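Take a look at this one chain, the form predicted alone, written out in structure tokens.
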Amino acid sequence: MASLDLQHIVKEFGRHRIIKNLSLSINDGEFVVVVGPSGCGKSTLLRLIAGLEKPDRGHIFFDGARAEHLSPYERNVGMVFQNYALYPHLSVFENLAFGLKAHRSSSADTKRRVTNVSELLELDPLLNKKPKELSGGQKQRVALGRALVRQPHLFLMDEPLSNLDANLRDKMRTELRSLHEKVGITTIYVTHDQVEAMTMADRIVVLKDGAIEQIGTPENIYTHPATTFVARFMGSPAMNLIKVVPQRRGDHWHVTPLNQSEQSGIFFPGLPLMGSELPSVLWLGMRPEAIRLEPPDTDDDVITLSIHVDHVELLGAHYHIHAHWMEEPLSIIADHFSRTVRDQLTVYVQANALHAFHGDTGESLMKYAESEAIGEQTNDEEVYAASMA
């Protein structure tokens, strides 16, 4: 197994900077998911760790030893690609053994390792088949097995489930997490799928434009997003974000949606905001599932909103209600809904479920998110300690 430290990594292609002064520490045995939109630098980051690309600046450490000068083979990294990359003319056994034979492992050692991995991944019945005879899930397991058979110190996965259908992705997520718990190899898993990130990760790294927006456990990332980007990206439907003008009035806040009259605003109790000075404009955030159709049975402070329903979608076990509060779009997730479209109704949100972000920078103003925000120059040990607190 191996720990990994990336220190101030920069990668440029021509004049385009893909990775921007990125620092990250991953502990031995962790399962870390790097998530972000297409083009944010996820795959480039993985290729830098694997040795398929070299950083223009910065250092890479495996178990405390400098590694950026090492070849991919010397790093002993197992990599699983999106397209499986199996040799079509070779059997499953030969695909699993290919890397070992290329590095002149003995026949006995090759057979032992392939046997162990095929038993672990339940590939025994498939060893004599060619890739064209396999299903998508079976091909993925062979690709995993080919990486595992080398007994790597580090496992890198680049969107390995993106070519599978929804049901098979669900099954493979469980299998991959179970496999990690059995073998304990330090794993870095790249995806744009937030469900994979939330269900598989020990920690999530949210990447935007080659820089880290936030690092934390899945629960912390979802519950305490450090920026509006994280709030929108992690969650489906995304967090509702409404631009408002705030005013402090005694122990309460009065907020008015931007471009609306002050009389149309609402009062709610004070939030645990950082500092005494507020920006002139805030993003007020609320998760769709935090908006209730009935008053919650609680002694906590509750605000009420008068909304209009535009459209309702039945999504199996729940309803996705598309509505608007004044002119602001609003998504609501509810277990039941019997009203009609264009209804006006009152909904309820507990004050402690609200979020506030700076209107210009998008950074969270909530005290609990202070330790979650990651800047380009952040100290890695402090980041890790904060995310695991």
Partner chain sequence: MGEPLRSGMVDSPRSLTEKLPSWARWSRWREVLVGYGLILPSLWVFLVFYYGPALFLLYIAFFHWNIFASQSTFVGFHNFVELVHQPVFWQSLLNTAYYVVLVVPVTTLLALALALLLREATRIRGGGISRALVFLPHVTPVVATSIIWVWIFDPNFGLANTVLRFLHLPQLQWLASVHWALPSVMIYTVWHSAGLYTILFLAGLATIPRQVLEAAQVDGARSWFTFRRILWPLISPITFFVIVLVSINTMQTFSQIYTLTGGPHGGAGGPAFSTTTDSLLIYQTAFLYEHFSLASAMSLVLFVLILVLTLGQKFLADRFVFYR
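Residue numbers count along the first chain shown, from 1. Just so we're clear, the structure is a prediction, and the values are computed from it rather than from any experiment.
Here the subject shifts to the form predicted in complex with the partner chain, a form of this protein not shown in this document.
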*Heavy atom within 4.5 Å of the partner chain in the model of the complex - residue from Thr223, Asn116, Gln82, Thr256*: Gln82
_the partner chain: the contacting residue among Leu144, Leu86, Leu207, Leu284 in the model of the complex [heavy atom, 4.5 Å]_ = Leu86
*Among 87 to 95, 306 to 314, 197 to 205, 287 to 295, which stretch has residues with heavy atoms no more than 4.5 Å from the partner chain in the model of the complex?*
87 to 95
*Any chance Lys129 has a heavy atom within 4.5 Å of the partner chain in the model of the complex?*
no
*Using a 4.5 Å heavy atom cut-off, state whether Met326 contacts the partner chain in the model of the complex.*
no
*asked:* I'd like to know whether Lys182 contacts the partner chain in the model of the complex, with contact meaning heavy atoms within 4.5 angstroms.
replied: no
*asked:* With the partner left out here, check for me: in the model of the complex, does some heavy atom of Gly250 sit within 4.5 Å of the partner chain?
replied: no
*Would you mind checking 91 to 116 for residues with a heavy atom within 4.5 Å of the partner chain in the model of the complex?*
Phe98, Gly99, Lys101, Ala102, His103
